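There is one chain below, alone, in structure tokens, taken in the form predicted on its own.
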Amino acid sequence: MSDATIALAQVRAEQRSFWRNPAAAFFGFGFPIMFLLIFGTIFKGDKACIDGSYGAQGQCVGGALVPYNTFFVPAMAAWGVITSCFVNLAATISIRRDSGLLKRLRGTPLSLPAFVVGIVGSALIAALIVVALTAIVGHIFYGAPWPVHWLPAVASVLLGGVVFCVLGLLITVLIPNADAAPAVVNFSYLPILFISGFFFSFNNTVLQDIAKVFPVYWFKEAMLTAFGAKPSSSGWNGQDLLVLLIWGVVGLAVTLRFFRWESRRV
């Protein structure tokens, strides 16, 4: 059996395991759509300030106004990808490590590349599904446009998904055991999600500068460009994708150096 066949079989196995856990599926799919329904309804008809901030009189300074849900749908789609590829993967690996499953896997004929392709491939499938569901809900209920640039949108989702899968593996280095996984993972990304402007624009340059250090912000920007919320003739933004790529390469190097197959607990 070829390595590619084994890797595809592992993807199928990971997908079966994922769908047999309704709680994980709901968190990955339900949270972004739930927030889309809540904020989309509250701010329906309002405008969002893109590439700018709101001044003292409420005007958009240095940016352009777009319908709120034109901005919010790609932002929630980006959050769905982060949840599927970062949050869920980190929790899954932590649980498997604590239970001894990762240690046992190393003694099986399953190669490390096939295992990685399996977990990352399954996470990417979930990410594509949540992006599609978010776009459909946003279009049907709030009149948000479909992605204007389909190829950049798919490419951004796949690149962002791979990068956040790598970072999901990386964050497990800091997770001592499965019980601590939710706290460590949520603390590592939820504050960045807010200061990156996923829910609304705000006028605080210090927080905005901090957000730009992390890939969460740049992934959101790439999705906004691909969906057409930010003006672009092609849908590509080299800076956004380059920052994501750098984070992915550095994250992979650190993961390969420090990833643990066994729990710290004796």
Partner chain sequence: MAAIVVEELRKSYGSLHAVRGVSFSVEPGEVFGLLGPNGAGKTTIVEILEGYRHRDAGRVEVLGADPATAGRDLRRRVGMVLQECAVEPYLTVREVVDLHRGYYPKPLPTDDVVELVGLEEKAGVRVKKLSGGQQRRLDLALALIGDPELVFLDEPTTGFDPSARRNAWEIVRGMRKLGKTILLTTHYMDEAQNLTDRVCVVSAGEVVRIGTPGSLRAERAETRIQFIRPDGVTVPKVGEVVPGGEDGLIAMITETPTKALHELTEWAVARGIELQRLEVTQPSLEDVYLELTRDE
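Note that the structure is predicted; figures quoted are calculated from it, not measured. Positions refer to the first chain, counted from 1.
Just so you know, the form predicted in complex with its partner chain exists too; it's not on screen, but the next bit is about it.
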Query raised in the report: Can all three of S53, N204 and V213 be found with a heavy atom no more than 4.5 Å from its partner chain in the predicted complex?
Result: no
Query raised in the report: Taking the shortest heavy atom distance, is N21 within 4.5 Å of its partner chain in the predicted complex?
Result: yes
Query - in the predicted complex, I136 touching its partner chain (heavy atom, 4.5 Å) - result: no
Query raised in the report: Can S111 be called a contact residue for its partner chain in the predicted complex at 4.5 Å between heavy atoms?
Result: yes
Query raised in the report: So, in the predicted complex, is G143 in contact with its partner chain at a 4.5 angstroms heavy atom limit?
Result: no
Query raised in the report: Which one, 162-170, 191-199, 101-109, 176-184, holds residues whose non-hydrogen atoms are within 4.5 Å of its partner chain in the predicted complex?
Result: 101-109
Report summary line: Answer key: of L245, V254, A25, A9, within 4.5 Å of its partner chain in the predicted complex (heavy atoms) is A9
